[in-house]
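One chain is shown next in structure tokens, namely the form predicted on its own.
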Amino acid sequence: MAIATINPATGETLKTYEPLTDDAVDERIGRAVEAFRAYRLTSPQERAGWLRAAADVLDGDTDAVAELMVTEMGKTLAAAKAEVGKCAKGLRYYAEHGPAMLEPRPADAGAVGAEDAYVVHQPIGVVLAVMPWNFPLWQAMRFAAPALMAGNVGLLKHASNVPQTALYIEELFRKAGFPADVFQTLLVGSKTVERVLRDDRVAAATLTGSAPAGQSVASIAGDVLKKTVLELGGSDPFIVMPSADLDRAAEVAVTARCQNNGQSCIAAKRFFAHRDVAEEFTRLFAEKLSALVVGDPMAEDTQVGPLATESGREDVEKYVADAIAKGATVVTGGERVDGPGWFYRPTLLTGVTPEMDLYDEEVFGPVAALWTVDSLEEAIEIANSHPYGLGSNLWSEDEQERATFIRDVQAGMAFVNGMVTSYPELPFGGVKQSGYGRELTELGMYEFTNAKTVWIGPRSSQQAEGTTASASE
């Protein structure tokens, strides 16, 4: 895939880049290593100051960066501005809480026969981040903020269709005053990832992307015994029970499925309505989906923009066509929008069966599949049969149903009466083929630190006597 900005609303190629040569990549890794030698010795308070400065720079660049993201991957302008604000919040979160997270954690010294015992979290070095295009600023920032706070340095291999956003992220940290080469963007293709990850100077990697990409990175990292954190696909269940506020549930269901033009790992993709409310929920869901304004992502009233790539729309079309051919019913949507750009109408399908490709696959576009179920247990059983386990949603006012859902759903996150999203204050990640490890909170920062045990033995009696004598003199 070429490294280029291609406007998905028009299909026009706006800017192209030559990938870095192998020699240039080697030189940048070397610069990262040199930067780490000094940066690891900076104080958490210094790093917090630079993170705050980066948040301030982002605030000032909001309009320009938002328009850049819209141009590169097609999210609506409102969504892009919200993403910039979320990134600034994440930077300030680690600036405020990071120093305390890095304080030594005392242990029970007496229990281990020590005068003192504690744990310190120390940086591990150069970390490679392989990031996707769908949230081109936030995905990178939720790695960068905790990694830089911990004293690591970063190398960013971003998706090839958001090169200008990738370059801006490097510029952002430079403008904020971080030492040179602490964070660098590598404009390279996916084939270069293995070479970088196998380099002895690179300590670890984090990837957000597809399951096949995660398998590849995990395999390489395992071969060279390097730590990885993987945030992969999702096909989140959204369960609606009779006690739910159906209008509110349908309203959130539309946002949960069509956020970011339907291109989100944590978007709700499989919907389960209890038989007692299925007809009404389906009607409300379909009405609200069909009312969405699809169009120019720069326009203020647009709610759904284009898919990010032409191949992405083709994939969505194939999934829907396969489902229809095998008996699924289109309640609304089910077709592309005529004209330039890679637009697809928000779609609701019913009658989905295991024979259909979208039953087990993640559809990365504004397409929802809805099942009618007779119980919460049936919904959870179908939900758990899927290979992914990232987020999950339940709409219910029944306390026992909530407890059952939280206990039994196989997911890294369980949201009740609300939409799955990410917060700096909560861990983010999944189970099964949705990956492993956690981002955000202190857990996300500790993923790339050495939790070093420190044990200090009791002073000898001679040392203790010497200290006493000195004090008496």
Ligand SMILES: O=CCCCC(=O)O
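Heads up: residue numbers just count along the shown sequence, starting at 1. Only a predicted model underlies this, so the values are computations on that prediction, with no experimental measurement involved.
In what follows, reference is made to the form predicted together with this ligand, a form of this protein that is not presented.
Partner contacts here mean any heavy atom within 4.5 Å of this ligand in the model of the complex, and among 153-161, 350-358, 258-266, 284-292 they occur only in 258-266.
Heavy atoms of residue 319 never reach within 4.5 Å of this ligand in the model of the complex, leaving it off the interface. Contact annotation: residue 92 falls outside 4.5 Å of this ligand in the model of the complex, judged by heavy atom distances. In the model of the complex, no heavy atom of residue 410 sits within 4.5 Å of this ligand. Remark: residue 270 does not count among the residues lining this ligand in the model of the complex, judged by a heavy atom distance of 4.5 Å or less. In terms of contact with this ligand in the model of the complex, the residue from 392, 76, 206, 139 that brings a heavy atom within 4.5 Å is 139. Shown without its partner, this chain lists 388, 135, 173, 344 as candidates; in the model of the complex, only 135 has a non-hydrogen atom within 4.5 angstroms of this ligand.
Shown here without its partner, the chain carries 39, 121 and 447, none of which come within 4.5 Å of this ligand in the model of the complex through any heavy atom. Residues of 417-444 placing a heavy atom within 4.5 Å of this ligand in the model of the complex, in sequence order: 422, 428.
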